[in-house]
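As structure tokens, one chain now follows by itself in the form predicted alone.
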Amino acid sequence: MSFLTKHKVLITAGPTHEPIDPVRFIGNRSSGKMAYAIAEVFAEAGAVVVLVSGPVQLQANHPNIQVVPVETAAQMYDACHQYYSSCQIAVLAAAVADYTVANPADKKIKKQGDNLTLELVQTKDILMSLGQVKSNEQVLIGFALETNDAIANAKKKLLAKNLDFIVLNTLQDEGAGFRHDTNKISIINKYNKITNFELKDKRLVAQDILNYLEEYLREMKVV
């Protein structure tokens, strides 16, 4: 029997789309492939998965996966807080927008003049907010995609958001990051231990994360 059998796991996936008007939005290049692979691997290991997913062109096929579709960062925040208290593990792999449009137009903005100025406001930090309410019986895992000073930035995020460990990748590694079917990660835990992995298919990366989690829980005697 897997260590995850009947455990409830919250996973976030994909981008968020922050509306400018009814036909335009601010988004990013996240495909959701990494998070969906994690959801499938965890479900196959016996977990009951709640997958809070931004807009992606993917489907979850395992019966143990409940998909909760959202579009905006605010909707993802609300969904995560709805389900988190009943989960033993959370893996926040979504690429959530840091900013949203302050006042989206209710009608399509027509082209006029040479410039268009949008006022942006910060979105709520989902990962930090979950870290603030995390119990000693819960494990919280974050993701960091960096373009520079990757290890230092990931460590700051790990500490600031009260994570158990963080999965780091960087756009400097060829074949890693958004849209690829492969990824290359490092995992940093809250004791500053860094474990590096080779470039591989995202499903195999998901299995590495599962194996790391099992070892982490065995050492910590958590969950």
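Numbers follow the displayed sequence, beginning with 1. Owing to the predicted nature of the structure, the values given are computational and were not obtained by experimental measurement.
FYI, the form predicted together with a small molecule isn't displayed, but the following is about it.
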Using a 4.5 Å heavy atom cut-off, are 11, 44 and 60 all in contact with the small molecule in the predicted bound form? no
Counting only heavy atoms and a 4.5 Å cutoff, which of 118 to 126, 131 to 139, 82 to 90, 105 to 113 contacts the small molecule in the predicted bound form? 118 to 126
Contact test in the predicted bound form: residue 161 vs the small molecule, heavy atoms, 4.5 Å: yes
If you check in the predicted bound form, is residue 149 within 4.5 Å of the small molecule, heavy atoms only? no
With the cut-off set at 4.5 Å between non-hydrogen atoms, does residue 101 touch the small molecule in the predicted bound form? no
Indicate whether residue 157 is a 4.5 Å heavy atom neighbour of the small molecule in the predicted bound form. yes
